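Here we start with a single chain on its own, the form predicted alone, put down as C-alpha coordinates.
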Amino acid sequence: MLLLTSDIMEFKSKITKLIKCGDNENNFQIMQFEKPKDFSFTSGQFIMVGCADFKLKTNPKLLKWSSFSVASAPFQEYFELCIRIHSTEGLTNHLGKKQAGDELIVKGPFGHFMLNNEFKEIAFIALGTGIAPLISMIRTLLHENDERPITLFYGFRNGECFLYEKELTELTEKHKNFRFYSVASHPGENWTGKKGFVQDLIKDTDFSSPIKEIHFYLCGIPKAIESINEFLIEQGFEKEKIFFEKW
(Lines give C-alpha, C1' and ligand atoms only; values in the text may rest on other atoms or scores of the structure.)
Protein backbone atom coordinates (compact mmCIF):
# COMPACT_ATOMS: atom_id res chain seq x y z
CA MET A 1 0.00 0.00 0.00
CA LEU A 2 1.37 3.42 -0.98
CA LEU A 3 1.68 5.93 1.85
CA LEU A 4 0.52 9.49 1.28
CA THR A 5 1.23 11.86 4.14
CA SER A 6 -0.97 14.94 3.76
CA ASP A 7 -3.51 15.76 6.50
CA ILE A 8 -2.48 12.78 8.64
CA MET A 9 -4.00 12.50 12.12
CA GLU A 10 -3.03 10.29 15.05
CA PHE A 11 -5.47 9.63 17.87
CA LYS A 12 -6.82 7.08 20.37
CA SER A 13 -10.12 5.36 19.65
CA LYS A 14 -12.31 2.92 21.62
CA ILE A 15 -13.75 -0.23 20.09
CA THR A 16 -17.56 -0.07 20.04
CA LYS A 17 -18.56 -3.33 18.33
CA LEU A 18 -16.99 -6.66 17.32
CA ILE A 19 -18.42 -9.28 14.96
CA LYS A 20 -16.52 -12.57 14.65
CA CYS A 21 -17.01 -15.03 11.81
CA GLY A 22 -15.21 -17.71 9.82
CA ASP A 23 -14.45 -21.41 10.16
CA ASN A 24 -11.91 -23.52 12.04
CA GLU A 25 -9.04 -22.43 9.79
CA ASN A 26 -10.08 -18.91 8.80
CA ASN A 27 -11.04 -16.41 11.48
CA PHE A 28 -12.32 -12.94 10.64
CA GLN A 29 -13.37 -9.99 12.72
CA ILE A 30 -15.40 -6.96 11.72
CA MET A 31 -14.40 -4.24 14.13
CA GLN A 32 -16.09 -0.89 14.64
CA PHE A 33 -14.55 1.93 16.66
CA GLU A 34 -14.85 5.65 17.23
CA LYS A 35 -14.11 8.17 14.49
CA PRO A 36 -13.28 11.79 15.42
CA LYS A 37 -15.67 14.33 13.91
CA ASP A 38 -12.79 16.21 12.30
CA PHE A 39 -11.31 13.12 10.64
CA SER A 40 -11.92 12.75 6.90
CA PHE A 41 -10.96 10.10 4.37
CA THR A 42 -12.00 8.85 0.96
CA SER A 43 -13.42 5.39 0.28
CA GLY A 44 -10.58 3.06 -0.66
CA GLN A 45 -8.02 4.60 1.68
CA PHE A 46 -6.47 2.85 4.68
CA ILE A 47 -5.38 3.63 8.21
CA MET A 48 -2.55 2.40 10.42
CA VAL A 49 -3.55 0.72 13.69
CA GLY A 50 -1.49 0.07 16.78
CA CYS A 51 -2.03 -0.97 20.41
CA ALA A 52 -0.26 0.53 23.40
CA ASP A 53 0.33 -2.99 24.75
CA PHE A 54 1.88 -4.39 21.56
CA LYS A 55 5.39 -3.22 20.65
CA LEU A 56 8.05 -4.05 18.09
CA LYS A 57 10.13 -7.07 19.03
CA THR A 58 13.25 -5.29 17.80
CA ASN A 59 12.48 -2.14 19.80
CA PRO A 60 10.07 -2.48 22.76
CA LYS A 61 9.77 1.30 22.99
CA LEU A 62 8.02 1.55 19.63
CA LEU A 63 4.51 0.48 18.62
CA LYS A 64 3.94 -2.21 16.05
CA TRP A 65 1.75 -0.69 13.33
CA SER A 66 -0.28 -2.51 10.66
CA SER A 67 -2.28 -1.10 7.78
CA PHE A 68 -5.97 -1.89 7.20
CA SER A 69 -8.34 -0.60 4.53
CA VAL A 70 -11.36 1.19 5.95
CA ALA A 71 -14.55 -0.75 5.26
CA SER A 72 -16.92 1.93 6.51
CA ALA A 73 -17.88 4.80 4.22
CA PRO A 74 -17.00 8.43 5.01
CA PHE A 75 -20.62 9.31 5.82
CA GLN A 76 -20.78 6.73 8.61
CA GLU A 77 -20.05 7.90 12.15
CA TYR A 78 -17.57 5.15 12.96
CA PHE A 79 -14.57 3.34 11.51
CA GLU A 80 -15.02 -0.24 10.44
CA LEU A 81 -12.24 -2.69 9.68
CA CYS A 82 -12.53 -6.18 8.25
CA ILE A 83 -9.58 -8.20 9.55
CA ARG A 84 -8.34 -11.74 9.11
CA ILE A 85 -7.10 -12.91 12.52
CA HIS A 86 -3.93 -14.93 12.05
CA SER A 87 -3.13 -17.79 14.44
CA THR A 88 0.56 -16.86 14.58
CA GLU A 89 1.76 -14.23 17.02
CA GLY A 90 1.36 -10.74 15.57
CA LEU A 91 -0.81 -7.66 15.66
CA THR A 92 -3.91 -9.21 14.08
CA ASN A 93 -3.75 -12.08 16.56
CA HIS A 94 -3.48 -9.48 19.34
CA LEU A 95 -6.42 -7.49 17.93
CA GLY A 96 -8.46 -10.69 17.88
CA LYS A 97 -8.27 -10.76 21.69
CA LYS A 98 -9.57 -7.21 22.14
CA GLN A 99 -13.02 -6.46 23.53
CA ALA A 100 -15.52 -3.62 23.14
CA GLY A 101 -14.28 -0.68 25.18
CA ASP A 102 -10.61 -1.42 24.59
CA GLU A 103 -8.56 1.34 23.04
CA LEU A 104 -6.63 1.43 19.76
CA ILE A 105 -4.21 3.98 18.38
CA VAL A 106 -4.99 5.12 14.84
CA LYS A 107 -3.24 7.29 12.29
CA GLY A 108 -4.19 8.18 8.75
CA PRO A 109 -5.62 8.35 6.22
CA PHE A 110 -3.20 6.95 3.65
CA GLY A 111 -3.39 5.61 0.12
CA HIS A 112 -4.37 6.44 -3.42
CA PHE A 113 -6.75 3.52 -4.17
CA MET A 114 -9.79 5.71 -4.77
CA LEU A 115 -12.61 5.90 -7.28
CA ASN A 116 -12.20 7.61 -10.63
CA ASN A 117 -15.70 8.96 -10.98
CA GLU A 118 -15.60 9.10 -14.79
CA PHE A 119 -17.13 5.66 -15.28
CA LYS A 120 -20.31 4.60 -17.09
CA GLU A 121 -20.39 1.20 -15.39
CA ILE A 122 -18.27 -0.18 -12.57
CA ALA A 123 -17.37 -3.68 -11.40
CA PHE A 124 -15.70 -4.58 -8.12
CA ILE A 125 -13.74 -7.79 -7.60
CA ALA A 126 -13.04 -8.76 -3.98
CA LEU A 127 -11.18 -11.74 -2.57
CA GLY A 128 -11.58 -12.52 1.14
CA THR A 129 -10.97 -9.44 3.30
CA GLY A 130 -10.26 -7.55 0.08
CA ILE A 131 -13.95 -6.71 0.34
CA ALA A 132 -13.05 -3.95 2.84
CA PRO A 133 -12.15 -0.97 0.59
CA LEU A 134 -14.64 -2.07 -2.04
CA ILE A 135 -17.66 -2.22 0.26
CA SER A 136 -16.68 1.27 1.42
CA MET A 137 -16.87 2.42 -2.22
CA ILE A 138 -20.16 0.59 -2.78
CA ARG A 139 -21.69 2.08 0.36
CA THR A 140 -20.61 5.54 -0.75
CA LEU A 141 -21.96 5.26 -4.30
CA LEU A 142 -25.33 3.88 -3.18
CA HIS A 143 -25.63 6.39 -0.33
CA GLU A 144 -25.18 9.13 -2.93
CA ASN A 145 -27.94 7.50 -5.04
CA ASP A 146 -25.57 6.92 -7.95
CA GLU A 147 -27.70 5.23 -10.63
CA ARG A 148 -24.93 3.86 -12.83
CA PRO A 149 -24.64 0.03 -13.03
CA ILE A 150 -22.60 -1.42 -10.15
CA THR A 151 -21.55 -5.08 -9.91
CA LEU A 152 -19.59 -6.88 -7.21
CA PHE A 153 -17.84 -10.20 -7.81
CA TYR A 154 -16.85 -11.73 -4.48
CA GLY A 155 -14.69 -14.80 -4.05
CA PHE A 156 -13.96 -16.55 -0.74
CA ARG A 157 -13.05 -19.99 0.56
CA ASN A 158 -16.46 -21.18 1.83
CA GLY A 159 -19.81 -19.94 3.07
CA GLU A 160 -18.52 -19.28 6.59
CA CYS A 161 -16.06 -16.81 5.04
CA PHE A 162 -18.79 -14.87 3.19
CA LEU A 163 -18.39 -11.45 4.80
CA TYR A 164 -21.24 -8.89 4.62
CA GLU A 165 -23.65 -11.39 3.04
CA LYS A 166 -26.75 -9.95 4.72
CA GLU A 167 -25.87 -6.33 3.92
CA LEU A 168 -25.04 -7.08 0.29
CA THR A 169 -28.33 -8.92 -0.15
CA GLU A 170 -30.24 -6.00 1.36
CA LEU A 171 -28.45 -3.53 -0.91
CA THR A 172 -29.50 -5.48 -4.02
CA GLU A 173 -33.11 -5.34 -2.82
CA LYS A 174 -32.93 -1.61 -2.19
CA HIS A 175 -30.94 -0.48 -5.24
CA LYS A 176 -31.93 -1.72 -8.70
CA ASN A 177 -28.57 -0.74 -10.20
CA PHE A 178 -26.54 -2.90 -7.77
CA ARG A 179 -25.98 -6.63 -8.07
CA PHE A 180 -23.43 -9.06 -6.68
CA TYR A 181 -22.21 -12.55 -7.49
CA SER A 182 -20.40 -14.78 -5.02
CA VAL A 183 -18.31 -17.91 -5.45
CA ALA A 184 -16.59 -20.31 -3.04
CA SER A 185 -13.26 -21.89 -4.00
CA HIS A 186 -13.39 -24.65 -1.35
CA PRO A 187 -17.09 -24.96 -0.45
CA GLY A 188 -18.35 -27.15 2.32
CA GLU A 189 -21.30 -29.50 2.19
CA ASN A 190 -23.80 -26.77 3.12
CA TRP A 191 -22.79 -24.35 0.37
CA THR A 192 -25.49 -24.09 -2.31
CA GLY A 193 -23.97 -21.22 -4.31
CA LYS A 194 -21.48 -21.22 -7.16
CA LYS A 195 -18.18 -23.07 -6.86
CA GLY A 196 -14.93 -21.98 -8.46
CA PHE A 197 -13.28 -18.61 -8.93
CA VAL A 198 -14.34 -15.06 -9.77
CA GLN A 199 -13.10 -15.44 -13.34
CA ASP A 200 -15.88 -18.01 -13.82
CA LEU A 201 -18.45 -15.48 -12.64
CA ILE A 202 -17.22 -12.76 -14.98
CA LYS A 203 -17.35 -15.06 -18.02
CA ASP A 204 -21.04 -15.71 -17.33
CA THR A 205 -22.02 -12.06 -16.72
CA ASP A 206 -23.74 -9.73 -19.16
CA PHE A 207 -22.76 -6.10 -18.65
CA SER A 208 -24.88 -3.10 -19.59
CA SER A 209 -22.02 -1.22 -21.27
CA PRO A 210 -19.45 -2.20 -23.93
CA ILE A 211 -16.56 -3.99 -22.22
CA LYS A 212 -14.06 -1.24 -23.06
CA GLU A 213 -16.12 1.26 -21.05
CA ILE A 214 -16.30 -0.73 -17.79
CA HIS A 215 -14.08 0.27 -14.87
CA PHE A 216 -12.81 -2.51 -12.59
CA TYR A 217 -11.59 -2.22 -8.99
CA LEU A 218 -9.82 -5.26 -7.55
CA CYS A 219 -8.58 -6.04 -4.04
CA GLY A 220 -7.04 -9.19 -2.57
CA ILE A 221 -3.83 -11.16 -2.29
CA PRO A 222 -1.20 -10.13 -4.89
CA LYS A 223 -0.86 -13.40 -6.82
CA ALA A 224 -4.61 -13.77 -7.32
CA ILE A 225 -5.10 -10.11 -8.24
CA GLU A 226 -2.33 -10.33 -10.84
CA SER A 227 -3.99 -13.40 -12.35
CA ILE A 228 -7.42 -11.72 -12.47
CA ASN A 229 -5.90 -8.57 -13.98
CA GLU A 230 -4.34 -10.64 -16.78
CA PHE A 231 -7.64 -12.46 -17.30
CA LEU A 232 -9.58 -9.20 -17.67
CA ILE A 233 -7.12 -7.89 -20.25
CA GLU A 234 -7.33 -11.18 -22.18
CA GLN A 235 -11.13 -10.83 -22.19
CA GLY A 236 -10.85 -7.43 -23.86
CA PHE A 237 -11.36 -5.10 -20.91
CA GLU A 238 -9.29 -1.91 -21.00
CA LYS A 239 -6.01 -2.12 -19.06
CA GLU A 240 -6.23 1.60 -18.23
CA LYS A 241 -9.62 1.06 -16.59
CA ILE A 242 -8.46 -1.67 -14.19
CA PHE A 243 -7.41 -0.46 -10.74
CA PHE A 244 -6.25 -2.67 -7.91
CA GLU A 245 -4.94 -2.86 -4.38
CA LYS A 246 -2.72 -5.83 -3.45
CA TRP A 247 -2.58 -7.10 0.14
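Everything numeric here is computed off the predicted structure, so don't read it as measured data. Throughout, we count residues from 1 along the sequence that is shown.
The form predicted in complex with a small molecule exists for this protein as well; it is not shown, and the discussion that follows is about that form.
- With the partner left out here, the small molecule still marks one of 175-183, 210-218, 34-42, 66-74 in the model of the complex; by a 4.5 Å heavy atom cut-off that stretch is 66-74.
- For the residues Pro149, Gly90, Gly159, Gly96, the 4.5 Å heavy atom test against the small molecule in the model of the complex is passed only by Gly90.
- The contact residue chosen from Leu104, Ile83, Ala123, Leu127 relative to the small molecule in the model of the complex is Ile83, the criterion being a non-hydrogen atom within 4.5 angstroms.
- For the chain shown alone, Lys194 is not a contact residue for the small molecule in the model of the complex, no non-hydrogen atom being within 4.5 angstroms.
- Not displayed here, the small molecule is approached by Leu56 to within 4.5 Å at the level of heavy atoms in the model of the complex.
- In the model of the complex, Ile135 stays away from the small molecule, with no heavy atom inside 4.5 Å.
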